[in-house]
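One chain comes next, on its own, written as structure tokens: the form predicted on its own.
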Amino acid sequence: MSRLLRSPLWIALLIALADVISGFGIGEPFTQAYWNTVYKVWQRPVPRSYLIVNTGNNGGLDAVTASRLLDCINSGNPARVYIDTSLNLGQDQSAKNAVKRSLNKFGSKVVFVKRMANDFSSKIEKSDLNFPIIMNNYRVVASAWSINFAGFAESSPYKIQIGGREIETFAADLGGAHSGRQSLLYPDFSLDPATIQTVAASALLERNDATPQLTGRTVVISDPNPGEMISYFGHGVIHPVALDIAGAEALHRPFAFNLSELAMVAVVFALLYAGHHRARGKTKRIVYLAVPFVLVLLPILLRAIGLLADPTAAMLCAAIFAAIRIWQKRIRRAQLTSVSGLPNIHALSSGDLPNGRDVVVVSIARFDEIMATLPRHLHSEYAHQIARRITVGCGARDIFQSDGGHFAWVEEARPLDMQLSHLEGLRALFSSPLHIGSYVFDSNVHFGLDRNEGVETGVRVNSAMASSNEARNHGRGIELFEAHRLAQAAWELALHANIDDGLRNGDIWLAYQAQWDIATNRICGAEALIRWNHPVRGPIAPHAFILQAERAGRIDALTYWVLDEAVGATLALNAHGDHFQMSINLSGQMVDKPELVNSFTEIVARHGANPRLITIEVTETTTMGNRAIAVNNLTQLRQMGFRLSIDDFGTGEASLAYLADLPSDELKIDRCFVSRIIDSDRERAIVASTIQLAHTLGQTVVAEGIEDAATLAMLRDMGCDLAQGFHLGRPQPLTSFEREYATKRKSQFGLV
């Protein structure tokens, strides 16, 4: 049932039926416009069997004129005479008798017409007939029409009740139908009221001879401007007698029946159903094109044989269906890329995946550069060539694309080793360049794979996309998004709020690890190291959140907080007398920030500290965004007094380039070299040559990762300046570090 309610066809049908049942008439304005247009085009003349005698006086006829006119008309031997005007007989009894004699000459041919108010559904009293006594012996008919919301006549009953008396309606009597299949008759609006034969009463009286014009015809004696005017489809406001004639002529058709709105709804619904569910391709278009023709032509054809099929509800049904389908197609177009025509990844994310399927996303390296290089008319060709290679390699029928250079598809889940081997083979297909027009591009691709069944499709697609980005960023061919990373994803995405809470609650704090002067065997400084003890997750390793902080844009706030805390700690430790040097880490992402120098200056100035007591360690393995601005910033900081250190020297791709380009005072050898100098001649030679190179360049050398006394002794023999590691001291809170530092200082100077 819920599926039906989501179908545009059933929604349209339910709204149309609700409109019919409630009688609200949502589509009536459309039907009004429809019939008005139809009857402006479809017109035919009124039969010559009708003749209107226009009295020329909307105040009625006096007794003398009435008697003369009746005698004149009677001389013409008409078939019937309808008196649709007032007779003002006055008080002259002889004049009344003359009118009575004239009426008697007609016998049963004469009929009086009582014109009712358009809204005749209200209670009608006997007094509404209001005829003089002289006329009570003659037959009376009533002209009574119901009107729609716009004042246009729609139908008339065959008979009406007036004060307990049943009276024929004018149209029914004219048409000779004294009972109908239904209670209402409907006029034939195709009759052009302007073609009704009309003669002035004064002309008949002047000639005193009406035989040629009246013989065998139905004559209606009528006022020129009756009080109740009425609107007629296709012609606007007209003389009411024309409407009665149109009603009479409609009764001459084979049928006189109202099929109701449901008949047209059923026909249109059947066509829409066939087009929506059964037909395909060209047949579907033909069926849909048939709907407007049926809506326009079928009511006209049925009306021509006397069957009324109101298209209001059917038009409403078709309009709602078309509107929903257009909206759905627009949404569908939004799910297609504007250039390539491939379905957007959003279309994959919004669907359901069957069991036993993996989601694969491939990320195209340097996609934005390729798009900027290619002319716009070749963008689609590039995307389709990528999709074709994927299809050839894996057989996937539907390839989905995002604007950022990601292509996604779904594959059968294989054992992991087979799936990885399959993707490696697919990657080999992209080893040959792509030829797009006159352009040739290398196709370097990186795959992200999600195998987490039971998770929402959108989450799986995003997971595979994130994995493909990670594979591209780290130069790997394939990255698997495993289940445990889904739980981690929520944590990483909320890192901004978690860091703010950690700083506010004291869960994020600084630990201080001592740096020793190897020559004097004394503590000369410390490195400030950030720590996070989460109340739920427990201790979080720095590398687990610092990288995420860089990605989330929170590394700036963390760095400035570390500097502020470290400067305060430096002042406290220098209060013990010696020159104590404090080192802090600076992310490579920050070194080219325009506000870096001013922010460091403001923090140090606020504490009233000497910048020469602060060493800034820049990790040389971190890529800098703008190298020229970074070098300028570091140069300014060094000129202000800050010491600069190249951290983790030897582990990146440009160690010597950093040493040559960056203004520095210190070089810090990474623990991966220091920890192996006892057992490895190669590492020992590397460390020794690095110390010699640094000293040649006037640099102080710090060795980190010292775990034992033998390593410290060898570094002393090599001439290393400073040492740091667990053998010399573990990172600890400021209070513990300051207490230990004070104790060691007293011991060194013999103060204990």
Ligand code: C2E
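Please read all numbers here as calculations on a predicted model, not as lab measurements. Numbers follow the displayed sequence, beginning with 1.
Although not depicted, the form predicted in complex with this ligand is the subject of the following passage.
Out of the stretches listed (585 to 593, 369 to 377, 438 to 446, 230 to 238), which one is close to this ligand in the predicted complex, meaning heavy atoms within 4.5 Å? Heavy-atom contact with the partner occurs in 585 to 593.
Counting non-hydrogen atoms within 4.5 angstroms of this ligand in the predicted complex, say which of Arg671, Arg217, Arg554, His534 makes the cut. Looking at the other structure, the residue within range turns out to be Arg671.
Go through Leu434, Leu302, Val459, Ile530 and name the one with a heavy atom inside 4.5 Å of this ligand in the predicted complex. Among Leu434, Leu302, Val459, Ile530, a heavy atom within 4.5 Å of this ligand in the predicted complex occurs only for Ile530.
Test of understanding: in the predicted complex, would Lys282 fall inside 4.5 Å of this ligand by heavy atoms? Contact with this ligand, no.
Given that the partner is absent here, does Gln513 sit within 4.5 Å of this ligand in the predicted complex, heavy atoms only? Yes.
Is there any non-hydrogen atom of Leu571 lying within 4.5 Å of this ligand in the predicted complex? Residue-level check for Leu571: no, no contact with this ligand.
Whether Ile706 contacts this ligand in the predicted complex should be assessed with a 4.5 Å heavy atom distance threshold; does it? Because a heavy atom of Ile706 falls inside 4.5 Å of this ligand in the predicted complex, the answer is yes.
For the stretch 531 to 549, which residues lie within 4.5 Å of this ligand in the predicted complex by non-hydrogen atom distance? In sequence order, Arg531, Pro542, His543, Ile546 come within 4.5 Å of the partner.
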